[in-house]
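Just the one chain here, laid out as structure tokens, in the form predicted alone.
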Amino acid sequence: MQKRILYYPGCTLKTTAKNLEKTAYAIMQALGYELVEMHDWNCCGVVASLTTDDLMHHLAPLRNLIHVEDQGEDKVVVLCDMCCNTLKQTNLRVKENPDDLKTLNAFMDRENDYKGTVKVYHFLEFLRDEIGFDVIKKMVKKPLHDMRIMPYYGCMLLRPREVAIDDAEDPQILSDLLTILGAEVIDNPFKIECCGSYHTIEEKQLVSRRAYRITSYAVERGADAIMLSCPLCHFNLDVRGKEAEKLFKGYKQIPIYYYTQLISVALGLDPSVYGFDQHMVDPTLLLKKKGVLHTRKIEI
């Protein structure tokens, strides 16, 4: 019987990051878990307020935490970096400030009071701390040998330190994951730099230049591809990075993978879950070149 774990999707996982969600579901099933989407979730609020006198922006994430408790759970897994960061910051805020929690509970008079029992996990964090990378390593059927990959963290996994899933200056979680999948890790000081974030809406060239800076340095160090976890980072490096080819002569953007996609490939999961057709830069060419792309289903 599979173990059940409650899952908060957020908005992007239902739109532009469906491949991140689909591969996560497949991975958990292979590991003996069932991701169960929580009922009546709402937008996380995008960012948690950092000012002490602004409680309004904690209402949206707190309502989601209440609904985790309402469903009888004390753990929730989140795939989106920004959603996870927002939920974690609100959770920490109300647990450390009882008066704030009292005010928020009173304001949401149609909801049950939040009791502060929920632990929020980023999916990466859950794989590392609750399942164990050693378990995944034992299940690898198609190691990513000969693939030189740069891990990219962006901002939301590591900042602020109070809710970070790894060391803010020298994170290792993605490198450790790549290692157990059989890939060669290409380190890069730009791995913790911002991708350009929401500037991508009105300052497209600025973000394209940012993507160029991050990627070109990785290529100089010998990287074949970049692996990341954030849907916004993926859009900026994949889409805006592809657009950067028009700005820089001779520049060609490399493939950008979600970590869940590379886990799925390494575990030999059904290619129908990969979602590579949602990428601007074709991620299949490198996998075929390295001989790790499956064309048929491998049973686990």
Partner chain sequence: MPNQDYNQKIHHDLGIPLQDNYFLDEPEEIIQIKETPVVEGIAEAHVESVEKEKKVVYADTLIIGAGISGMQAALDIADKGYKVVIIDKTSTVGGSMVKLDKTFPTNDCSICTAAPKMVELARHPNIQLITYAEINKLDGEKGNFTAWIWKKSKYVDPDKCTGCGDCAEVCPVEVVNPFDEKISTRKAIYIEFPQAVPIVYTIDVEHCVGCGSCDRVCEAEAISFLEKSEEIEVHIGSIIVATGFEVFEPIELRREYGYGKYENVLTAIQFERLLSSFGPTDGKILRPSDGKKPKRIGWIQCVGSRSEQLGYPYCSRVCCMYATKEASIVKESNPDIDITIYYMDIRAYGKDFQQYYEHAKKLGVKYVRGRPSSVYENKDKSLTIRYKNTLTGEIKEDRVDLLVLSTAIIPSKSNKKLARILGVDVDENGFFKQDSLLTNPVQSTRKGIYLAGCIQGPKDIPDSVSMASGAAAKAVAHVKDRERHVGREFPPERDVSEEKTRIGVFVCHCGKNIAGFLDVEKVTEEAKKLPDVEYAEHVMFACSEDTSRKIRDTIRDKQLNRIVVAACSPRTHGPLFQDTLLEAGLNKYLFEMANIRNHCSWVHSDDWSKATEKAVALVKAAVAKVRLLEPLTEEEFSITPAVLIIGGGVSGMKAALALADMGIRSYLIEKEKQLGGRLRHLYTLFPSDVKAKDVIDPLIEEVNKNKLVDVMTEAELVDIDGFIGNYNGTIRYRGRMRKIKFGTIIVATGFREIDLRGKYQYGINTNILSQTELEEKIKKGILRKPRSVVIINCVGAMDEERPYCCRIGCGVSIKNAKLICERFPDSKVYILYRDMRVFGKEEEEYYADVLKNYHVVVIRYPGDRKPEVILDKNNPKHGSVNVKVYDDILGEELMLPADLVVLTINTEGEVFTEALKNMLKIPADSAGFFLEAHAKIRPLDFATDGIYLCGAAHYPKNLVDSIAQAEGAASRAAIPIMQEHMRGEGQVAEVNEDLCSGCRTCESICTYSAIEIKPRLDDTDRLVATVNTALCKGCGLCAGACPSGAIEQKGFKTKQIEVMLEALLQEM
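What you see is a predicted model, and the numbers here were worked out from it, not measured in a lab. Residue numbers count along the first chain shown, from 1.
Keep in mind that the form predicted in complex with the partner chain is missing from the display, and what follows is about it.
- For the three residues Phe123, Arg128 and Asp176, a heavy atom within 4.5 Å of the partner chain turns up in the model of the complex in no case.
- The stretch in contact with the partner chain in the model of the complex, judged by heavy atoms within 4.5 Å, is 217-225, chosen from 97-105, 111-119, 130-138, 217-225.
- In the model of the complex, at least one heavy atom of Arg213 sits within 4.5 Å of the partner chain.
- At the 4.5 Å threshold, heavy atoms of Gly72 stay clear of the partner chain in the model of the complex, well away from it.
- In the model of the complex, His145 stays away from the partner chain, with no heavy atom inside 4.5 Å.
- Of the residues in 161-175, those that come within 4.5 Å of the partner chain in the model of the complex through at least one heavy atom are, in sequence order, Arg161, Asp167, Glu169, Asp170.
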